[in-house]
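In the form predicted on its own, a lone chain appears below as structure tokens.
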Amino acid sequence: MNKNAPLGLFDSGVGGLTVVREVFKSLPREKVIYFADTGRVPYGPLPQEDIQRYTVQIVKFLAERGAKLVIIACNTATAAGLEAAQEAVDIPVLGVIEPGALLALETSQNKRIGVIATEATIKSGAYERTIKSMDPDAEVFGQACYNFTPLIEAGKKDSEEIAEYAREYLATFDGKDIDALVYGCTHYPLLEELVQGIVGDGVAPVNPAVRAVEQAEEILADSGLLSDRTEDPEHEYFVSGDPDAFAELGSVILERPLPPVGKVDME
């Protein structure tokens, strides 16, 4: 395997770019190939079998593009399709739920942890199951935030509409005495200022992307596959929906202009 081969990342939409941001911070010499399944976003309301099928499709696509490692930068896809994706390709495939669970337990002092995520991730019980497998004494409180992803994808992350939903969803944690809140969808760190303003300084944000990228770096280092390129990498972006809409919103999230975005028909 070529050590300068790219890292593959994907999400249902722009949310996974919050994981790409962490790659840019921690692994600035690594080339990224990012796929956003914007033609089928959001994943949250979809049947698990459909999400698993999409996950395997996209991981195979990234492997065929030469990825040396893939991060499923989507909690919903991780919950539904991580194991199937790992079996489908012969490169490392990482999710974001186990890293998020580890970071939550390291962050929480009282072992009372909140999780905000999509409907599918909450229904799967993936975070509660993973956290409690690591520490049976931990208590996990989950809340599905049905409208966050569609509104973020529509460019409305700063709207009063999303603020109203945030107040509604986060009220579920009133009286639960949580001291850590897992952002169990990669879209949600884009709402951190809003969310933390509601839950308060006593609740620490937990962004699984940070630990996921750390794990990727460890795997690459152990395999001798960390990039040694000296020039800035030329990243690639692909979508299944509207390339222009993705480029516009993606450039805001990444705080840099994006190269031409390719469109791929995953069906």
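Since this is a predicted model, take the numbers as computed values, not measurements. Throughout, we count residues from 1 along the sequence that is shown.
Heads up, the form predicted together with D-glutamic acid isn't pictured, but that's what we're talking about next.
| task | Determine which one of 158 to 166, 100 to 108, 135 to 143, 178 to 186 lies within 4.5 Å of D-glutamic acid in the model of the complex, judging by heavy atom distances; exactly one does. | result | It is the stretch 178 to 186.
| query | Wondering, does A216 line up within 4.5 Å of D-glutamic acid in the model of the complex on heavy atoms? | reply | No, A216 sits far enough from D-glutamic acid in the model of the complex that none of its heavy atoms falls within 4.5 Å.
| Are any of the heavy atoms in I33 no more than 4.5 Å from a heavy atom of D-glutamic acid in the model of the complex? | Result no; I33 lies far from D-glutamic acid in the model of the complex.
| Going by a heavy atom distance of 4.5 Å, is V203 a contact of D-glutamic acid in the model of the complex? | No, V203 is distant from the partner.
| query | Can any non-hydrogen atom of V41 be found within 4.5 angstroms of D-glutamic acid in the model of the complex? | reply | Because a heavy atom of V41 falls inside 4.5 Å of D-glutamic acid in the model of the complex, the answer is yes.
| Hey, which residues along 74 to 91 are within 4.5 angstroms of D-glutamic acid in the model of the complex, non-hydrogen atoms only? | The stretch 74 to 91, when checked against D-glutamic acid in the model of the complex, contributes C74, N75, T76 at the 4.5 Å heavy-atom cut-off.
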